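A lone chain, given as structure tokens: the form predicted alone.
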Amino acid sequence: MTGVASFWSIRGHLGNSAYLALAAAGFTTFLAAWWMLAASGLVDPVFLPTPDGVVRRLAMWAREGDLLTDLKVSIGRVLGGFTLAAVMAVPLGIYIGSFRPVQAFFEPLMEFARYLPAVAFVPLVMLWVGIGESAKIALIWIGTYFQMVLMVSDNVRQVPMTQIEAAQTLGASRGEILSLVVFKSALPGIVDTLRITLGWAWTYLVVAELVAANSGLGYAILRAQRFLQTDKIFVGILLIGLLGLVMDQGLRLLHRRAFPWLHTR
């Protein structure tokens, strides 16, 4: 009973092997349920293809289509919009979290803007920046920037005031406190914020590729919809999920390597 109680304890420790086994079981259960439902005949294959049909479509897309080109284009768009958002959001978030006047000026505006749906900006983006790559990047930026600013400011507000007061006592300037105390103390949380918002950037990819695109995974999904190629839609969706998962795990690994003291258990 002790082992079972430890296994189910709140915020208890779980070894890497057990974690990986449970993760594999989760994916296997999902695939098995999908396969059984699709093979049962209860659902038309037009609406729910089998997993092996999706794999065959992936192989066909890679062999005869422009899969690699679509992958490169979509990754470039996501990273472009996300990087632009991060470069602009992190400094502003630090200032909002550090100075009350800046918070009063910017935070209500950011709170309002984060509820504006990115898809509603498609006509305006086409008018403002045209239909080229800048339009796709702009839509991904709109979908991630405002949330990122607010989350970074929350990371900064979690820095203990005692650290700031200690630096002031030692004669540190305001710039030194921001760069050497506030930023460095908030950095683990900021990296987590970037990891979360990178996932949101991937969710806005299909919206971004509504704007006169002729390549990319989102474009391929929308094109497959017109021809009822449900298996290709599944391939596109799963590839977006896989790419997002790979990048997410990369940032998780970066967090563990950069801040090992936060992962002692």
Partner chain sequence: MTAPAPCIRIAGLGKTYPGQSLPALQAIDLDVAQGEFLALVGASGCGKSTLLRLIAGLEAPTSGGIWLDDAPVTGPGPERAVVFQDYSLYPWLTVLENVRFCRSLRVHTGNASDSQAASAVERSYALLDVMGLDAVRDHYPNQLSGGMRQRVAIARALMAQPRVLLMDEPFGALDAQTREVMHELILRLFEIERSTIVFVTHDVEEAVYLASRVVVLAPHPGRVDGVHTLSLPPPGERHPDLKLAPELLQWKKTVLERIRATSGVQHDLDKLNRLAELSRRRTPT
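No experiment lies behind these values; they were computed from the predicted model shown. Positions refer to the first chain, counted from 1.
Quick note: we don't show the form predicted in complex with its partner chain, though the next part is all about it.
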{"property": "Heavy atom contact within 4.5 Å of its partner chain in the predicted bound form, the stretch among 178 to 186, 110 to 118, 88 to 96, 145 to 153", "result": "178 to 186"}
{"property": "4.5 Å heavy atom contact, Pro101 and its partner chain in the predicted bound form", "result": "no"}
{"property": "Non-hydrogen atom contact Leu127 with its partner chain in the predicted bound form at 4.5 angstroms", "result": "no"}
{"property": "Residue contact check: Trp8 to its partner chain in the predicted bound form, 4.5 Å heavy atom", "result": "no"}
{"property": "Residue contact check: Ile131 to its partner chain in the predicted bound form, 4.5 Å heavy atom", "result": "no"}
{"property": "In the predicted bound form, the residue from Val73, Val191, Ala167, Val122 that sits within 4.5 Å of its partner chain by heavy atoms", "result": "Ala167"}
{"property": "Heavy atom within 4.5 Å of its partner chain in the predicted bound form - qualifying residues of 246 to 260", "result": "Pro260"}
